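Coming up is one lone chain in structure tokens, specifically the form predicted alone.
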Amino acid sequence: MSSKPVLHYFNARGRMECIRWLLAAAGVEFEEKFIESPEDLEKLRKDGKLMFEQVPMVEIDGMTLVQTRAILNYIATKYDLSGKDMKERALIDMYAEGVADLSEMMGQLIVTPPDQKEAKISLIKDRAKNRYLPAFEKVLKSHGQDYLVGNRLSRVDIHLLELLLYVEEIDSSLLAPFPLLQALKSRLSSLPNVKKFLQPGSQRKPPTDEKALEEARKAFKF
């Protein structure tokens, strides 16, 4: 087994991208084995690698882990990105769930029927501008610190940075009313490991296009 974590997913963002982000931010090199056909996925199932018969799946430290949140929690704990005590961990988890809520909405865009896409985008923009971004701006304003929790980098900062970049892909003006979030984005983007991940040629994935979606449909038969 490789000494590096091995990520099993298709060659697109999906539910693996936040895992890629967290590993990269922690400075962890990883390998990827892309699922490119139904046979690739079936082999993982037959080999007993997929507890619930679905990906993402990560091989790490002699374990085979599935379920995105479980994988994220393990990585965060291993690399000291999950807070210094139970109270910080609770805040990190709570904020991360908020990030996940909006991320899930945005992730559904690629499979939204064309005649419903405009309404979906309007809903996402409304929720971002009036619910989620103000909540995170308020957290930063409440303590005046550089990071969301405990004045040090945690997994939720990385999750939020990823989300802010996706929000800008939809509408770059959405961050304008939130100066503290803009500052957080700039601060995090300048961290050496994050800066490296943001460079062209990294393992960060581009927005999922129709070609990538079609490849996923073939592999996952949906």
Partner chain sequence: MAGKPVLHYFDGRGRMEPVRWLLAAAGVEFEEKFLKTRDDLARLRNDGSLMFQQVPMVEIDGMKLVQTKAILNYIASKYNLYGKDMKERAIIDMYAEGVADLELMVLYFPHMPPGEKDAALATIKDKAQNRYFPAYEKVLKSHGQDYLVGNRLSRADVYLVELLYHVEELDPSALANFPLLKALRTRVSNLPTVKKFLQPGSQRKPFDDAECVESAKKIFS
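Residue numbers count along the first chain shown, from 1. The structure presented is a predicted model; accordingly, all values stated were derived computationally and were not measured.
Keep in mind that the form predicted together with its partner chain is not shown, yet the notes after this line are about it.
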Quiz item: Exactly one stretch in 28 to 36, 183 to 191, 160 to 168, 44 to 52 has heavy atoms within 4.5 Å of its partner chain in the predicted complex; which is it?
Solution: 44 to 52
Practice problem: Considering only heavy atoms, tell me if V66 and its partner chain come within 4.5 Å of each other in the predicted complex. | Solution: yes
Quiz item: Can V111 be called a contact residue for its partner chain in the predicted complex at 4.5 Å between heavy atoms?
Solution: no
Quiz item: Quick one: does V139 come within 4.5 Å of its partner chain in the predicted complex, counting heavy atoms only?
Solution: yes
Quiz prompt | Contact test in the predicted complex: K129 vs its partner chain, heavy atoms, 4.5 Å | solution = no
Quiz item: Which of the residues spanning 65 to 103 lie within 4.5 Å of its partner chain in the predicted complex, based on heavy atoms?
Solution: L65, V66, Q67, R69, A70, N73, Y74, T77, K78, M86, K87, R89, A90, D93, M94, Y95, E97, G98, D101
